[in-house]
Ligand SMILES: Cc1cc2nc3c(=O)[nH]c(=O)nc-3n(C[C@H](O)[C@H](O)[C@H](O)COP(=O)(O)O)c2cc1C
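Before any questions on how it binds or moves, here is one chain, the form predicted alone, in structure tokens.
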């Protein structure tokens, strides 16, 4: 079983990945939050830092690229190939309105013809392997069969499917049955993604679907950093290592960013970590509203006084 750590904007940056990989096992690949080449063929300093090989130690990283034009995507791929990367991931799944309005992310799913032209170009000229992360359709799961037929005609190194349509964003139920019903027709390695939030839900899903041997998990791992280790038969999350992990992130962000930026990042991380504790609703509210480092630290201290849940992981109700 291979478990991938999904890219989460504002959370899974380079410091986060280094700290997680150093403390928790079980991840076969980490993916960067998407980088977006500009019309002037530039990447920001932050994006360059995300893919800097010097920030990778002891784990495999796959850069994710988002673009509406194949020439921009290919330019970024060539920059990444020059840095030593052998695989890049095309983001065809981001549902954000500001992204899709530009024809990026899940916006590529709006036009079958446009997507075909895009894929023709990138798979004809990419110097390295290109995997794809996408959704089952723009509006309806019924679109998935036609999408899969198209993708089968290209040398896609891996197909990562988030089992929702773009119109659902991250709400409502996933449709794993849509993905699984066509699994035997998929000519490339398939990676399932969607609502694998706790060790229990992951284990139940994988036991019920033994034909799957690759999954991608995002919010579940952002909440419970030991989730992959536990699913693969290792020990469950322990409170002492959980606190040490949080503190390592906090101290790293304080050294790396201005105080307000570090606080904003840790509030985003903290709201996921809080999902792993019993009766954490009131503390979570204080954590989210923390306007100073002192207030944040007090809310975290209070949070870690609560016991861990028996099956800790992300809770969408939070």
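Since the model is a prediction, treat every value here as computed from it, not as a measurement. Numbering follows the first chain given and starts at 1.
FYI, the form predicted together with the ligand isn't displayed, but the following is about it.
A heavy atom within 4.5 Å of the ligand in the predicted bound form is found for one listed residue only; from 198, 230, 175, 193, this is 193.
Taking 30, 277, 34, 250 one by one, only a single residue has any non-hydrogen atom within 4.5 Å of the ligand in the predicted bound form, and it is 34.
The putative spot formed by 162, 170 and 219 is fully lined by the ligand in the predicted bound form; each residue has a non-hydrogen atom within 4.5 angstroms of it. Although the partner is absent here, residue 294 sits far enough away that none of its heavy atoms falls within 4.5 Å of the ligand in the predicted bound form. Under a 4.5 angstroms non-hydrogen atom cutoff, the ligand in the predicted bound form lacks residue 131 among its neighbouring residues. The ligand in the predicted bound form comes within 4.5 Å of no heavy atom belonging to residue 1. Taking the partner from elsewhere, residue 79 is found to have every heavy atom lying beyond 4.5 Å of the ligand in the predicted bound form. Segments offered: 123-131, 178-186, 68-76, 162-170. Contacting the ligand in the predicted bound form at heavy atom distances within 4.5 Å is 162-170.
Along 1-37, a non-hydrogen atom within 4.5 Å of the ligand in the predicted bound form is carried by 6, 7, 8, 9, 33, 34, in order along the sequence.
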